[in-house]
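The chain below stands alone and is given as structure tokens, in the form predicted on its own.
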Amino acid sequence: MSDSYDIAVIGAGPAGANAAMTAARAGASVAVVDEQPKPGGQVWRAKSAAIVKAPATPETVLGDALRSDLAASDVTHLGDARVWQIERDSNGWVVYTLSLGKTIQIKAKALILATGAREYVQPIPGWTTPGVFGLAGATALFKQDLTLPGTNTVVSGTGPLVFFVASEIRRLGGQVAAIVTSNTRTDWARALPAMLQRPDLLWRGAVWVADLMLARVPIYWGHAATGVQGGPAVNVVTFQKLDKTGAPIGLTKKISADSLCLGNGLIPAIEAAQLAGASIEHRPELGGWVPKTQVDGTTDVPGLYVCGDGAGIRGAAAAEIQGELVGHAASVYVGKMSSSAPPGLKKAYARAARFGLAMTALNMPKPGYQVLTTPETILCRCESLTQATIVTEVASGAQSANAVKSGLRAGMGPCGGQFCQTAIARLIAQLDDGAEADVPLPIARPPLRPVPMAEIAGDFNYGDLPIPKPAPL
């Protein structure tokens, strides 16, 4: 089954949905494909049917508005669908999508990738214990199901997500045992000039911190969680102060808790851009490896555009505006618009991006964070591979995450390397006394997401395979 459009969009978050609607308003036929049943992405995730009458939050208000606008547009939305292959042909692009058990080939003249980001967690001893959640994963629990990670939770990590998660736990009736953040008050003071670009978001963050302080929630600035103790569940979280390099120093402290929310920022999801042939570069200030793009999402591949956090972590506000810029650019490419986006839109994007980049800077890894991962710590949770095992593999000659994958299967489990490959690349860089940018980037191959083999194989008869005759003896 195949459908043809002027433009195909992968991802229905703030960037992808706005790109699709902008192009549709210009007269382009547009299909947007997304893994989630409803648009909104991770940041504006839709509520489940069980909590649809729960009090609105700023995220649900913005998400509901986006879903309403998209439903009222001429955009074809394909939710609960997995993109597993992207190909380029003489007419444009073919996007192989699995939806409701069927593979659909979406053909389009232009392709917009708005694939968002994935979470990074610096592995620490015990981080695979049940009851440990990623910070971004915890927000999905809150937004979709109003579910708490536990009854007494330590929240640890970097950037503003630490305070958002802690505030949401309190709003939903949970208890925050402590906040442990690697950022110092000085780190936040340095970010203040950029945060003034968005006084509304600055005010919201200040309210979070004030509420937590009034509730006497302990906040340990310049500290990091160093371990989780417990058997089948979290019992104790250990933590230490960090030095200027991010390495733990001094006494190890303990907090009793039944859950831990842990995270160290976001990483652009670039696998689709890699598969589509876009050039990739390492930009630590944007979250790591990113496609080479212009402000309007243009890449070095004709007809391919990338926007939102998949082009660099700049936050939801910037992603929403960049989506419009990319929608304009793609509409011009397919002949539905004669001029690019108005200059005012680019200025608004730059202003929003400055705020988002300041938040990303708070998440940038410091070299000392590597010390938080001990030799016994599991790096690849799918294959239960410890750091010591991977160090041995690197010492035997594996100098890339792909090489470690070939030798140990790290990255071949259900997560497809999303949890381990960045940690392995950073470990290799540390062992070689080099930079993460010097470690070859993992190669993206189809399928982009796990899909049944029968869907990839397609419909054919083995008898039709062109098998050459045996060579004469």
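In case it trips you up, residue 1 is the first one in the sequence shown, and so on. None of the values given here were measured: they were computed from a predicted structure.
FYI, the form predicted in complex with a small molecule isn't displayed, but the following is about it.
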Contact test, all of A8, I106 and V301, partner the small molecule in the model of the complex, heavy atom 4.5 Å: no
In the model of the complex, A23 touching the small molecule (heavy atom, 4.5 Å): no
4.5 angstroms heavy atom contact with the small molecule in the model of the complex for D432: no
Non-hydrogen atom contact D69 with the small molecule in the model of the complex at 4.5 angstroms: no
The small molecule contact in the model of the complex: V43, any heavy atom under 4.5 Å: yes
Among 237-245, 307-315, 395-403, 251-259, the region lying within 4.5 Å of the small molecule in the model of the complex by heavy atom distance: 307-315
Contact assignment for the small molecule in the model of the complex, among R198, R354, R118, K336, heavy atom within 4.5 Å: R118
The unique member of V75, A81, V162, V132 whose heavy atoms fall within 4.5 Å of the small molecule in the model of the complex: A81
